[in-house]
Every structure is written in structure tokens, then in C-alpha cells.
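A lone chain, given as C-alpha cells: the form predicted alone.
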Amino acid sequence: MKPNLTIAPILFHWNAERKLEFYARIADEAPVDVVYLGEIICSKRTPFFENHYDEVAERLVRGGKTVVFSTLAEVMLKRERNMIAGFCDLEDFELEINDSSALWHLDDKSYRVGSLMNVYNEDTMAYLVAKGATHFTLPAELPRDSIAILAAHAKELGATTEVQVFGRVSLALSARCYHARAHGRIKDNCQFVCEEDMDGMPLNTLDGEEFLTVNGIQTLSHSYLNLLDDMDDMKEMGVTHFRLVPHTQDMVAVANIFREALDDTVSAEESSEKLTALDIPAPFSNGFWNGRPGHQWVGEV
């Protein structure tokens, strides 16, 4: 199977104009195979873009991309349950679920499992395959050996696997909105302050050390995951899809670099040099992959 390069759902609260411009460029210029659409972090952001889903999906399909809709990762309110039910009724597109509440609505329907569902072992994977799962994006905190085991088991079950290879890593979700609290507001009256931080709000230690990133209810890494040099290893173990998390950097350039690496059209050294030249505004990390603290970098940049 040809390795697939994918674009994850946008995690941040970008305005509609920026999202439309982003997806237009991805449709026309980015060498990616799959694009995930949908608000997965905060349901309050949904009304700002949901009216554009049809036109964006159509544009991406015209550009030769497979479109998959992604669901919320945290479902607590009735309107959020209704949103999940609506997505599960989609007929024309595949669905990626990020919360187990979607399983109530998916009898006799296949689906993908997103990285924000905790699939850490073979039994969980087998259970979800029996319930219709065909594809798993594995949690970014898993080390190499665990990914190898799960990729092999997925293949035995007839499913495919995906691993995030670029971008800030999701570390936690909360019922509270850190973004609102930092500005003296509450979640129900946040005034969408998260829109001010298009790659997330920096969270430093008391000593001023760059530490984490806040995105509404989500805590992300400060560093950018970079597994460019490890994709050949992943391909050998059976990983089929390689995920890029969108940021305000030039994601078409990022996609081109990772596509060249996947297709072995340039050397690993040249690919790494090109990625470094993009001046990503945070250090790279690959600690989780190497069984180390996630923020660390193992090897040479």
C-alpha cells in the first residue's frame, strides 16, 4: 500500500477566512492524500465554520483528496451529543471519531478512530474493529515499540494505522477552559479569546521557561513533533498513514518535505535541512517515540 500523507483537523480557532484560504491551498497545492475536517476541541467554535463544510469538502475532493470528517473529543452537553449524532449520519464521507459517545450511533457503519481516543493495546483495538473500526490514528505519546505492536496487530485485524509525524502534540483535555481563565473569563463567557493565539497560547514556568501550549480546553506541547527521520522505520512496521497537524507555518511546504521523504525522492539529510529552514518557532521533539520525556530531542537536528 502506498504511504498516505494526511492533514489533521485544525486544532485552533482560526477565523473562517483563514480556514478557507488554508483548505484552498491544501486542495490545489499540497501533495497529501487525506484531509480531516471538523471541530474536535470546542463545540462553541463550530458555528463559525460549519456552513462552509460542503464547499470545502467539494474543493478538496476536486483536488484529489479523500475527505474524512472528525468529531469532538469531549462530549458533555446535549447539543454536543446532537452534533455527534449528525456526523454519524453522514453518508458521503468517512468519519473519524474522537470520543466513545459516537459508538452509540454507529451500528453497522465503519469508521476511523482518532488519536484522542486512547487505543493503547491490542484488546482495545480488537474490540473497536469488532464494532466497525477500520483505521486507527495512534496516540502521539506511544513509544516506537508499542506502535510496532499495534501496527502489526491492526494489519492482522484488517485495519490500517496512522501516526502523527509533525506538529504540536495533544497532551490533555479538560472540562475547563484554560484560555478563558488566563484572561479572567469563564468558559461560558470566553468571548472566543482563543482566536488571538493561532498556534496556541504559550504557557511558561514561573522561571520563564517555555513549557506548554494552551488551546482552549486543550493542553499541547510547546515543541513541534518531528518524526521525519523515522518514517521509513514506520513503513517497515506497517504504518500506512502519516499525519501532519496544521499550524500557521507554510503547511504546503511542510507537506512537500514529508512527501519527498515518504517517496524517497530526496535524502533524509536533505529533507531535515529543508524542514529546519522553515524556521519553525519552537524546538523539535521526538522523545515519546524514543521512550523518553516527550519534549526531548534524541539525535541531531
Partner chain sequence: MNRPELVCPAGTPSAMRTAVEAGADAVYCGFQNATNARNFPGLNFTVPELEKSVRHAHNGGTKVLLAVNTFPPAGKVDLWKEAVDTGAKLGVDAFIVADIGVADYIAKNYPDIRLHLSVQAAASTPEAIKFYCREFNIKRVVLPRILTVPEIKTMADEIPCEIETFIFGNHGLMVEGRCSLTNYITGLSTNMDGVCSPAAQIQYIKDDSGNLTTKLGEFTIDCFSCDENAGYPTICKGRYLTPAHDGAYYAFEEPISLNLSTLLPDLMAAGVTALKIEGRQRSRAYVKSVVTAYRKAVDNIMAGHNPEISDLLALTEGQKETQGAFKSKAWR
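Every value quoted in this text rests on a predicted model; they were computed, and no experiment measured them. Numbering follows the first chain given and starts at 1.
Same protein, other form: the form predicted in complex with the partner chain, not shown, and the subject of what follows.
J.: Each of F192, K235 and S272 near the partner chain in the predicted bound form, meaning some heavy atom within 4.5 Å?
T.: Per the other structure, none of F192, K235 and S272 touch the partner chain.
J.: Considering the partner chain in the predicted bound form, find the one stretch among 184 to 192, 87 to 95, 227 to 235, 157 to 165 with heavy atoms no farther than 4.5 Å from it.
T.: Heavy atoms within 4.5 Å of the partner chain in the predicted bound form occur in 184 to 192.
J.: Given that the partner chain is not shown alongside this chain, does S170 nevertheless sit within 4.5 Å of it in the predicted bound form, heavy atom to heavy atom?
T.: Contact check for S170: yes, within 4.5 Å of the partner chain in the predicted bound form.
J.: Taking any heavy atom pair closer than or equal to 4.5 Å as contact, tell me whether F288 reaches the partner chain in the predicted bound form.
T.: Output for F288 is yes: heavy atoms within 4.5 Å of the partner chain.
J.: Does P3 reach the partner chain in the predicted bound form, with heavy atoms at most 4.5 Å apart?
T.: No - in the predicted bound form, heavy atoms of P3 and the partner chain never come within 4.5 Å of each other.
J.: Going by a heavy atom distance of 4.5 Å, is L203 a contact of the partner chain in the predicted bound form?
T.: The answer is yes: L203 has a heavy atom within 4.5 Å of the partner chain.
J.: Out of 60 to 98, which residues reach within 4.5 Å of the partner chain in the predicted bound form, heavy atoms considered?
T.: A73, E74, V75, M76, L77, R81, N98, in sequence order.
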